[in-house]
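Only one chain is given next, in structure tokens, and it is the form predicted alone.
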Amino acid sequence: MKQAQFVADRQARWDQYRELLKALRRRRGKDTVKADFPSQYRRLCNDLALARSRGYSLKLINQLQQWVMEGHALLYKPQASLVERIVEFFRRDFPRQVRSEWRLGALCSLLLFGPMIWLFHHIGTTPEFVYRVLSPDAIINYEQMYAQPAGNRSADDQFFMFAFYIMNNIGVALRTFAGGLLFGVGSAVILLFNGVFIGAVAAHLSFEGYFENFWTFVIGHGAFELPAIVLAGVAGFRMGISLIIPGPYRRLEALRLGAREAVSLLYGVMAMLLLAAGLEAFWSASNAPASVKYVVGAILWLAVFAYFLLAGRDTRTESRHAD
């Protein structure tokens, strides 16, 4: 069936559905209206499913989806406040979305952590190889940076570095995300570059006598920062895949659909990077004992993994996403 005929056959019913929505919002004749509303809502859900399966226009699908969402909110629960929606996003929606993208997550993790692990091993056995990755000036700069244990920053310096870390971390995440517009290639290159750079720095400092100063500084905030960069890559790849495999849509429409999912991931990434910046400025740079920093860092890494593995878990919903 052509889209024009599909719309014409259902327009009167959709108009009635919208009037029911308005009546429910105004609370007029609530009992009578609500008695008629569930059947209208179910029929609209079926219309949305048909529109998606037949590859109708993105404009029509978005409009039907908006009406379905509004109906769901009125039928099953009161309209949530902004704070409630934010809490629900981090309590349930964000970890579920991350789990649903586990294949891209595995790929992006390999692109970031693979070079780190290889370089850590290779530089450990061939120390001079670091000069093929980092310039002598950069190596000297990092050695000076970690020559002394962290600590003794003034409050002003801590807040300045907090702002700096926010700008730097978010800049990396946004570049990784935007790289997806190059059919995912840009995201892959940025992940590889960061993996190579971080791996070279970590290996050199670890094997040249700066092990404790370096690892006690990075272990805490790294629990949020590194997974966030991986997820920024996932968001970028999600856009890239929508361009490579647009399905029944034109590429621009497919990109808009992919970007909607990607931006949802990016909200969580930004929150993780804000947490990472706060930890880096106020905890990682503190003069807490090394043993305490290692314990706290291990707890934070375990907490992040547990959150993405367990939070918002619903067996029925998760099985549908996996399919």
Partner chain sequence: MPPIDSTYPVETPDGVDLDIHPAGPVPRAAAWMVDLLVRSGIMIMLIFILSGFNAVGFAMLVLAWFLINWWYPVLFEVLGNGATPGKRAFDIRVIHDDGTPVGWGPSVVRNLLRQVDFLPLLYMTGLISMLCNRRFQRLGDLAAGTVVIHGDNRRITLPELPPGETRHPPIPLKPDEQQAVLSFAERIRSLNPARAEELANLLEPVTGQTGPEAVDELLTWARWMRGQAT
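Whichever C-alpha set is largest while still superposing within 1.5 Å between the two forms counts as the rigid core. Residue numbers count along the first chain shown, from 1. Keep in mind that this is a model prediction, so the values were computed, not measured.
Below, we turn to the form predicted together with the partner chain, even though it does not appear here.
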| query | finding |
| --- | --- |
| Which of 67 to 75, 124 to 132, 106 to 114, 90 to 98 sits within 4.5 Å of the partner chain in the predicted bound form, heavy atom basis | 67 to 75 |
| Contact label in the predicted bound form: residue 267 to the partner chain, heavy atom within 4.5 Å | yes |
| Touches the partner chain in the predicted bound form: residue 239 (any heavy atom, 4.5 Å) | yes |
| Contact of residue 48 with the partner chain in the predicted bound form (heavy atom, 4.5 Å) | yes |
| Non-hydrogen atom contact residue 278 with the partner chain in the predicted bound form at 4.5 angstroms | no |
| Answer option from 298, 290, 271, 58, heavy atom within 4.5 Å of the partner chain in the predicted bound form | 58 |
| In the predicted bound form, the residue from 159, 211, 102, 197 that sits within 4.5 Å of the partner chain by heavy atoms | 159 |
| Joint contact, 3, 252 and 259 to the partner chain in the predicted bound form, by non-hydrogen atom at 4.5 Å | yes |
| Sequence-ordered list of residues in 174 to 199 near the partner chain in the predicted bound form, where near means a heavy atom within 4.5 Å | 174, 175, 177, 178, 181, 182 |
| After fitting the core, residue 308 CA displacement of 2 Å or more between the shown form and the other one | no |
| C-alpha of residue 51 moved at least 2 Å between the shown form and the other one on rigid core | yes |
| Core-superposed comparison between the shown form and the other one, residue 103 Cα displacement 2 Å or beyond | no |
